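Presented as structure tokens, the chain that follows is alone, the form predicted alone.
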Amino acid sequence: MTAPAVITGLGVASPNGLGKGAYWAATLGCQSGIGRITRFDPARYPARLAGEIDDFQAEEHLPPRLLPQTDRMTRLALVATDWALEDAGITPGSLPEFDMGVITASSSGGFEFGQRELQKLWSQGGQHVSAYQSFAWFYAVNSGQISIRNGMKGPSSVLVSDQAGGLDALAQARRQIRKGTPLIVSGSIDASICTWGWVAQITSGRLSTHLDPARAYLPFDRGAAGHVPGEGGAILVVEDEAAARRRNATVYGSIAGYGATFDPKPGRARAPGLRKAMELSLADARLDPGAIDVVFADAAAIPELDRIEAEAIGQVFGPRGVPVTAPKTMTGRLYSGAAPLDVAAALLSMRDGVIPPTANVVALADYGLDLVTAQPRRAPVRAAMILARGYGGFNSALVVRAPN
């Protein structure tokens, strides 16, 4: 019931790099993937910047039969899964089908596919709507398509808790490993940069309306005024450690601790729940705060939320008590895909002994953060904490540790 869960494969689809190597090189090089939206004309919208993946051609990676039945987020997730399995040295057909499961997260489902089919319904009638609309828009579709494509019939599900969902999915993957499933494909990819999805995101009131990509997403900075959305994320292969060791797999690290809380209703006297989630993850990992070498911040870029996060980090680790970074300033917030991408970055930090930078930000001194900015910082990384908060009050914290 307590089998360690380790991560053996990384599949990355990010606005600043497709694939693990390209993403990591761009992130350490402080290269941003944020720019003016190209997937539709944003001129009439107040927010016009996004982190788009502009070099992905699905037909180069997937069979033609899959294209009519899948949204962009699913295509990205299927290809990222292929990369993660290849990275892990896993050939799914060689393993018992009930020994493999799929647990992903989603914040919005297949928005672009849904928009197109609803436009057909309004303009042409129901007989023109694709039968694939019945599942292509659905939150669980990535888990379903990944399991079908790879013959994975073990435990499968989807977690829906906005940006926190990616960490919740990885924690659920660990639970299934502990229950006896040897391998779970987990993480998340989100992609809803279409006019329907854009309007939905604008209603949050949290999108940056700045037109300069270098000044639009500045968490913990005096200029913080909302975030830039993006598309992408990461798919990870999570395995039972003993099973991974038996096949001599390369282990990036282990999922050591997890905590999740929910904020009180606005106006209540109780404190926000992020600090408690962090403390729960440390207790679960059986680590003291001093054992954490870096925190990957949620980085909302809303001054009130930045202050809540900075105070929580300070209360747990002390003033400037731990290096903090937010490489998502180079990709935009990828919703449920953001935290799995941060987990991938944390594992690569452990491998290479380097903490990636937070681009373009000058941290306000009164936040009391040791924020890594401008350049990567060389440092041994044996344990990292990843934070994520979802719209509506979700808080999650995950601790990963380097392999022994």
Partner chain sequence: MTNEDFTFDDLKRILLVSAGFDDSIPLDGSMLDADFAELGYDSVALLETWRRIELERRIAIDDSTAAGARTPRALLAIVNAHLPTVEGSASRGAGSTIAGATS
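Residue numbers count along the first chain shown, from 1. In this text, all values refer to a predicted model and were calculated from it rather than measured experimentally.
FYI, the form predicted together with the partner chain isn't displayed, but the following is about it.
Interface residue remark: Arg44 is not counted as part of the site for the partner chain in the model of the complex, having no heavy atom within 4.5 Å. Using a 4.5 angstroms limit between non-hydrogen atoms, Pro68 touches the partner chain in the model of the complex. Not displayed here, the partner chain is kept clear of Arg247 by more than 4.5 Å at the level of heavy atoms in the model of the complex.
Contact check for Val322: no non-hydrogen atom falls within 4.5 Å of the partner chain in the model of the complex.
Contact with the partner chain, judged by heavy atoms within 4.5 Å in the model of the complex, is confined among 184-192, 130-138, 270-278, 98-106 to 130-138.
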